[in-house]
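There is one chain below, alone, in structure tokens, taken in the form predicted on its own.
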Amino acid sequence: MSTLKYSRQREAIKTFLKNRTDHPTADTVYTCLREAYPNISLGTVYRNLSLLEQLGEISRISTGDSAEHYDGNMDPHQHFICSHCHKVYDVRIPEIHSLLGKAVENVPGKIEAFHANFYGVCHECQKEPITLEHNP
């Protein structure tokens, strides 16, 4: 097994995500890191996000919009995803592990991991007036 070569840009991406709770997209990571690393490319950001995910150092969250979101917090937690604005919020429900116990009793195999996401409309989007699209 070969050792992964150190990369300042990869470490910067990992550190950037660890200090965020807003689950940024690759474009956001790229835009924010360009200030410190003007020569960084969007391709480099995507490659390193993919590698960090494969290494289990970050996670990728699909929200239903076209962009993937990234989470540097690998502590056990769940997510609430707004179906309107696609923002991702951390949720901590310690009791969710009792659900895992029930699943273990009822699945035809060995559970190696699970992810719990909750979907709905966030408080900010609930405040927005409802607009109906009008097609002439």
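Predicted model only: the values in this text are computed from it and were never measured. The first residue of the sequence shown is number 1, and the count goes up from there. Here the rigid core means the biggest group of C-alpha atoms that line up within 1.5 Å when the two forms are laid on top of each other.
Beyond what is shown, the protein has a form predicted together with another copy of the chain; the following relates to that form.
Although the partner is absent from this view, Ile93 contacts another copy of the chain in the model of the complex, with a non-hydrogen atom inside 4.5 angstroms. Another copy of the chain is not drawn, but in the model of the complex it has a heavy atom within 4.5 Å of Tyr89.
Although the partner is absent from this view, Gln126 contacts another copy of the chain in the model of the complex, with a non-hydrogen atom inside 4.5 angstroms. Interface membership of Thr15, defined by any non-hydrogen atom within 4.5 Å of another copy of the chain in the model of the complex, is ruled out.
This chain is drawn without another copy of the chain; in the model of the complex, the residue among Pro38, Gly43, Gly109, Pro76 with a heavy atom within 4.5 Å of it is Gly109. Interface residues of 83-121, taken as those with a heavy atom within 4.5 Å of another copy of the chain in the model of the complex (partner not displayed): Ser83, Tyr89, Val91, Arg92, Ile93, Glu95, Ile96, Leu99, Leu100, Lys102, Ala103, Asn106, Val107, Pro108, Gly109, Lys110, Ile111, Glu112, Ala113, Phe114, His115, Ala116, Asn117, Phe118, Tyr119, Gly120, Val121, in sequence order.
Relative to the superposed core, Leu100 shifts its CA atom by 2 Å or more between the shown form and the other one.
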